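To begin, one chain is listed below as C-alpha cells, in the form predicted on its own.
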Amino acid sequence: MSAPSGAYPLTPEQIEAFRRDGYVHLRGVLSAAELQTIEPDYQRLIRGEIEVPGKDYCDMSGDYGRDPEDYSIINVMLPRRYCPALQGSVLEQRAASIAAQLCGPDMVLDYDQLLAKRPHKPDAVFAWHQDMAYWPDTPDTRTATIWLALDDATEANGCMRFVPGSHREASLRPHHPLHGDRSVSHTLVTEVDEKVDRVRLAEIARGDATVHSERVLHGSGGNTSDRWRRAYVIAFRSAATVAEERRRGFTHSHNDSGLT
C-alpha cells in the first residue's frame, strides 16, 4: 500500500540527525509537479499582487522604509492568511507529517513565511539568530521549522547555514536588534565566531527542505549569483504552545505589538 499523499516517512537516521545537530536535510520533500501547485501563488505574493498589509511585507535585510523594488530579502509573513488558496496545500500536509515524526503527534501549524532573495544582492544576509529569541517564553518550546527550497540553494545565492549542536547550549545567546530598534527593522542578531563555532552550509536542491529546531543557531549569506533564492517556511509547534501564544496576542505577524 502506498503512503498517503501528505506523508513523508523519516528514517531513524534522519530523526537522530535532527536531535543531534538541531536540524536535518530532507531530500525530495516536494516533487516538481507538487511545487507547481504552490509556486504561482508564491510568485503573486512576493511580487505584491496579493495585498499584504503593514510590516508583513518587508525587507528582512534592510529597514521598513526601503522601497519594495529594492528589497534584498523579500519577506512575506503569514502568506496562508493573505492567500487562503495556500491553506491545506501538499506542503502543509507534508510538513505536518514531518513535524509529528520529529516532535510528537500534538504539533500544529504555528506560522508560515516566504523569503525570497533577489539576484545580485550581496547584502541579502539573514543574520545569525535562534528562533526562540523572537518568541514568547512558553513551557513547551518544541518546534519543527520546515524550510523548503523553491530554487537550488547554494553558497553563492545565500543558502542556509547552521551551527550543529548549538541547540544544546545551556541558554540562548544574547540577541540585539539589527538596527538598534525593532521599529526600524524586525531582525534580531546574535554573535557567531566562525573560528570557534562549527559552521555548516546547507546547500540543497529545489524541492528539498531543511528542518530545524527552535534553538539551533542559523542564518544565511548574501546572494551574489544571477538567480533568485526562494524559500517557503512553515513552523510547527505544540498545540498548547500555539494556544498560549494566541492567548497573549502573539501571532508571528510583524504587525503585532508588544510581544514582538
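Because the structure is a prediction, the values reported are computed rather than measured. Start at 1 with the first residue shown and count on from there.
Keep in mind that the form predicted together with a small molecule is not shown, yet the notes after this line are about it.
Enquirer: With the small molecule left out of view, choose which of S72, S166, T145, T187 has a non-hydrogen atom within 4.5 angstroms of it in the predicted complex.
Expert: Spelling it out, the residue with a heavy atom inside the cut-off is T145.
Enquirer: Tell me, out of V192, A202, I38, V233, which residue has a non-hydrogen atom within 4.5 angstroms of the small molecule in the predicted complex.
Expert: None of the others qualify; the residue that does is V233.
Enquirer: Hey, of 110-118, 136-144, 93-101, 171-179, which bit sits against the small molecule in the predicted complex at 4.5 Å between non-hydrogen atoms?
Expert: Answer to the contact question: 110-118.
Enquirer: Counting only non-hydrogen atoms and a 4.5 Å threshold, tell me whether Y42, R80 and A149 all contact the small molecule in the predicted complex.
Expert: The answer is no: none of the three residues contacts the partner (heavy atom, 4.5 Å cut-off).
Enquirer: Would you check, heavy atoms only and a 4.5 Å threshold, whether M160 touches the small molecule in the predicted complex?
Expert: Heavy-atom contact with the small molecule at 4.5 Å: present for M160.
Enquirer: Examine S220 and determine whether its closest non-hydrogen atom to the small molecule in the predicted complex is within 4.5 angstroms.
Expert: Answer yes; at least one heavy atom of S220 falls within 4.5 Å of the small molecule in the predicted complex.
Enquirer: Answer yes if any heavy atom of D131 is within 4.5 Å of a heavy atom of the small molecule in the predicted complex; otherwise answer no.
Expert: Within the cut-off, so yes.
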